[in-house]
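Quick heads-up: the structure tokens below are two forms of one chain, split into structure 1 and structure 2.
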Structure 1
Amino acid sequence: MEIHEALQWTDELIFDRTGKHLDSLQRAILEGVWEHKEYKEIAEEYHCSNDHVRKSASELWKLLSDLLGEDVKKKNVRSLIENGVFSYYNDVVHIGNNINICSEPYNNSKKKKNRSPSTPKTQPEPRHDLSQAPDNLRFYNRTDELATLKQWILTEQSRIITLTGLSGIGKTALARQLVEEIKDNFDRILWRSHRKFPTLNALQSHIIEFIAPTSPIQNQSLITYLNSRNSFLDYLRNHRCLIILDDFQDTLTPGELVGNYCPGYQNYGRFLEEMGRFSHGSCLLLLSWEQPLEVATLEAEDCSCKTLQLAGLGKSASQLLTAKKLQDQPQWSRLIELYNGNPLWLNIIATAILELFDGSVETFLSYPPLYLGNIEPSLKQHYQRLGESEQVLIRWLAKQEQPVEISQKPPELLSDSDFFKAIQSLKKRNLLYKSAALTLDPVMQHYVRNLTV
């Protein structure tokens, strides 16, 4: 028996009785056990811990034991599923070229539950899953950005939108507000983080399961099905979907220039190109510290792809400082400028001002140099993602008192080619401002200066 038949039958059995489908790890466990692999091998292939696989497998065997009325274990799960599939197909009546299913996926009188044969399996539309979207986020005035995103998604029907910016700048809060305001325009909305999925196949599998939970996978393996461009895009055409994928930078390899994918995500570039180039009415919204190269290329080719680089709050950050009950309001604009209007950074610094100076912004600003405090861990994460040439360039820029022109590069710093590549990569990471001169983010500049002292 082929594994795709076993997966399909088991998935239908579980969905019939629980209303839930096999998740990507459960599928990986079944496929691995089918091929007589140890839990350790499955864990390595899925890029998770051995204990996590063992725990998930134990929960799966218990669930199947309850449904089948048998004591399911790793050593007998294959034979029990094969027996169930065999019984199932014996109860299938062929009428012409159509198949009329006359029984439950597993005809076990001990555990069979009453269910009307006319009960539909499809879930009501629309289906919106925001269970992994952060809530209770403070949303500050982003009227212009919201209007731009709505124009791109609802009017221009852009297929891929990348919302980029440094950590804490407000990407997630903006996306959350956007979804609330446009959700009625989509049949399917799914919000997920890349940190939950160690491979592209796991991510695609999860998306397919959500978009079309009752889709037939017949006569092909799950991986083949998911790698079929037409199959995936057909579902994006049949259901207008908004898919929000957070933490995109986690798919990219740290320590290199922007654009190299981590193991397990090597085909992500092709996935993005297909999403951007081929016609469909859905939208993929990526939230990221960094802009992927494929999106930059698609945007340059005008392939219905857009990027919004999120800047600081500007004057509207005063709402945040008001909520913190800071003093010396005339000094607030200077504080906002120093920390680039980043709401997370300002919240952290405002807390420090309250703790150290009883809320006096003027007193805080009288102590040079720029205080980083608890901002440093997030700056360290950004810095550690840089490639060698980027670190050389950023250390040089950090020493400059004024913005510098490209022509001012010392000959010994980097080759011209490496220099230009490092500039482009740092801009995609939102660490260099887009201007004629090279201007480093002031907070990052101070962080790097401290590293080189």
Structure 2
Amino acid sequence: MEIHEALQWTDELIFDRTGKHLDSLQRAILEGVWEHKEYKEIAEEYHCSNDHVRKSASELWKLLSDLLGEDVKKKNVRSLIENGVFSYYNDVVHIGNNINICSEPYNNSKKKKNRSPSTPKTQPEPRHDLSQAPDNLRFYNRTDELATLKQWILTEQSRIITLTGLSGIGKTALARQLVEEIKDNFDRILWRSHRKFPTLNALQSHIIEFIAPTSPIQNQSLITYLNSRNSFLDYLRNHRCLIILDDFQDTLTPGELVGNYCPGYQNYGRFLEEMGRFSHGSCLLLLSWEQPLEVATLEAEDCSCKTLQLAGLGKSASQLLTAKKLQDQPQWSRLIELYNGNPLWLNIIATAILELFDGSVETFLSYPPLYLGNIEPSLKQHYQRLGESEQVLIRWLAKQEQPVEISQKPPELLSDSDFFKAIQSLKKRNLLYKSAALTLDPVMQHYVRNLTV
């Protein structure tokens, strides 16, 4: 790999995440280190002090380490790029070299392609990469949700589906089951946990390379290669793709009202707009704690975009308690109701009941108030993502014994505008159920009440 390609790639990465280009000293440092020069030599050539170069280099390595999730140092920066440890370049090279990354064989004989209206120019070999998806182990119920999702994806050909809900409610498990049931309708299925992609560019390149691997790229420069490709949407038009992005909330910034992107991720908003507004036969399935603003707008504009707010498992969660071998079955519905049918919370509480009361649900329930135990860290994560006005609102709501009406807001709590924005935001985070009568998630209400005591 040539130094100018490494420079351009690094510059693009940094610009994508910080909005700033490499400055001339950073470029000189990268060039110098590429040629195995000492900082002293680089400083002489750049006509500045050794300390200045050292300081700037250490800041650059720190920035690259943050962006790439790798411990970048002077001695490994070149080999990291060359060996393709940077995930972006690594993915391109891997697939460019036609390494098969399919995680499961595809049965051609079962193929029924009824999704896309457009016939691909060539019949591509179907390829599914579910290597980042969890195994679908025990899975109860969700019949209605699966039917709704299939209707949206297969019949209505929605372009973006967002599955939202608090952590542990079962988004990943449901999506995994869904993929199992509809996989034969797609040429390409790619499941990615969002955390693996440092930039939108990297994600798109990865998806493109997965959809349509090109010939090996060793003989052409990376930049020429990247520039020669079709637009992202062309790929989604020519192949029926299902792309699942799990943990999409990681693109959204905490501490503010819902929907603002983290630094470096802002272009995901435009990506969603493109996916939703322009015609193609593919589908993006987002799994997220929170609904992105663009999705809400696209949905309001009826742009082939749908959101399913996932509720708890309801009565069928009793299958989960049976598997845990709990006692006192008549009390189970109360337990399920208390923990909102959230399968993760019920699993955690069932373990606590086994540990504390030998599985007796009745004894557990005789101890008020609601016990949170190991659920607390997950509730804390949700709480810490809230903006200031949302925290004010949720603390006030947590103190109420009954659901309150919007009109009952005390004047000094928040301005009307901030109050309304906070309500909308909490709803998009799945923490608030209604807006006429404001009802908090009961478990979250209990957690926040304890905070305020």
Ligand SMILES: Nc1ncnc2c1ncn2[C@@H]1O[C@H](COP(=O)(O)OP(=O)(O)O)[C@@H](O)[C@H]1O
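This one's a predicted model, so the numbers in the text were calculated from it and none came from an experiment. Reference numbering: structure 1, starting with residue 1. Only the largest set of C-alpha atoms that superpose within 1.5 Å between the two forms is called the rigid core.
- The form predicted together with this ligand corresponds to structure 2; structure 1 is the other form.
- After superposition on the rigid core, displacement of the C-alpha of G32 between structure 1 and structure 2 amounts to 2 Å or more.
- Superposition on the rigid core between structure 1 and structure 2 places the CA atom of R138 2 Å or more away from its counterpart.
- Once the cores line up, the CA of E388 ends up less than 2 angstroms apart between structure 1 and structure 2.
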